[in-house]
Structure formats: C-alpha cells, structure tokens
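Shown next as structure tokens: one chain only, the form predicted on its own.
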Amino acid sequence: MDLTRIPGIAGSREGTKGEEAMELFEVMTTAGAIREYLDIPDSDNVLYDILDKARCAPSGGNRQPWRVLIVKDQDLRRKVRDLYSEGWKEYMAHVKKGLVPFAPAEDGTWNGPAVDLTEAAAMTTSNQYASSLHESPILLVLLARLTDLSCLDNGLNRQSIVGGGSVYPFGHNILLAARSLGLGGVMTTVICRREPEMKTLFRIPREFAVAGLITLGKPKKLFSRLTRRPVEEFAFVDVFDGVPLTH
C-alpha cells in the first residue's frame, strides 16, 4: 500500500522536492514524545506498515521476544486508561517530592517506594494524556517474553537492565517508523505499575511481561528539533572521568 497517498500521512520528507524518503537524521532528531493526536485514515494498513519496518530491530539471539496487542475495544481502552492513571499518580507522587520515580538507591538496589502509595492513590491532580489515553488513534500494549531475554547482569546485586535491550529497540523502531510517515507517538512504561491487572485484562500468559504502552497518531502540533545534552557531557575517553570527546 502506498501510504504517501493517504491524506495527512507524510511518506516523503516535508519541505523537500519530489518524493524523497525522509532522511534518517531528520527522523531521529524530530521523533519527540507526541501525546496529542488527530485521527489516522486507514489506521490498520498504516500500523501494519509501521510494524513491518519495526520488526527488524535487534534482540538477543535474534529471539524477537516482543508481542504487540492492538487495543481497539472501547471498554478495554477505558480500562487501560484507568489503570494507567493509577500508575501515573504513583509516578507523580515521587516527582512532587523531587525524586526519580521508583529509581534504585545509590547502591543500585530498590528497597520499595520512596513515597506513600496510599496517599498517591488519593491524589486528585489530572493529566491530559492519561485522561484521553483511550482516544488515541492507535493504542498498543508492548509485551516481552521473559524466557527469551538474556539478562546477563542478573546476580550483580543491582537493578537488572540488560533484558530490556531485547525489546525496547523494537518499541523505539515503532516510533521512528511512525515519524517517517509524518506520525507521532510516545512509549510509556507507567502502565507497568499495573501489570497484574493488565495480564488479567488481556489474558497475558505468565511468561510475558508488560513492557509498556505505545500510542500513535497524527500530531496536533508541528514537529520540532529535539534538545539534548551535547556529546561532551556524556562521552569520555578511556576512563569515567576522562577527557570529553570533542570535534
């Protein structure tokens, strides 16, 4: 299917001549978190094309441990919204105290929530993305088969992170593929705070974990160039406190 012919879907680089494919650098530097959407015509075909490109992401042993649930049922969507909102309150309860939500301590281990989660549940603050999550043109649940993850940092007496390297590149590929078509989206892990409820809701087998949610749509606002720390602030030669890499 020629997605460049769908109204509102950009299959070519905007502002350039002809039908040239959007340059990779343009995609990478403008694929920011988009949380407000317009609808997408023919969304099933668009999503198929996005996933067809994203599936080339790397994974440990090429086991491709991901599974994607496309949530269309409106009742399911509202239930996901409600579960997400609960997790978001727990997240924000940490932020309001100047804490990184659910981050390990300095010793690399996690000893439980740094805030009272009961109080967090009673918060009345609202979030536009959370409250309208069910209205996203495309709503995906990203899963990972735990038995397919090579977690080579297990047993190091710190928070394990390596396993995510086999599923999140796929999630990011979804966002990059969507951006190349003129769409926007965001991947969020807030829903993982409610994994037991999600597994019951979607009949998810025990060996799978909820890795996050991805929402996609045509952005309400124009894309802009992303702002990030310069290379000199995070790249150093030979040792941790070595000479910064410059050009």
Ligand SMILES: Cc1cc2nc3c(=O)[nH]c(=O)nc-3n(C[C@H](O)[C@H](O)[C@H](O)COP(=O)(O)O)c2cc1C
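Since the structure is predicted, the reported quantities are computational estimates derived from the model, not experimental observations. Sequential numbering from 1, following the sequence displayed.
Another form exists, predicted in complex with the ligand; not displayed. Remarks below refer to it.
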Considering the ligand in the predicted bound form, which of V68, M187, A57, I204 comes within 4.5 Å of it through any heavy atom?
-> M187
Let me know the one among R194, K218, K53, R35 whose heavy atoms come within 4.5 Å of the ligand in the predicted bound form, would you?
-> R35
Have a look at 195 to 203, 58 to 66, 179 to 187, 45 to 53 and name the one stretch with heavy atoms inside 4.5 Å of the ligand in the predicted bound form.
-> 179 to 187
Examine Y84 and determine whether its closest non-hydrogen atom to the ligand in the predicted bound form is within 4.5 angstroms.
-> yes
Taking 4.5 angstroms as the cut-off for heavy atoms, does L226 touch the ligand in the predicted bound form?
-> yes
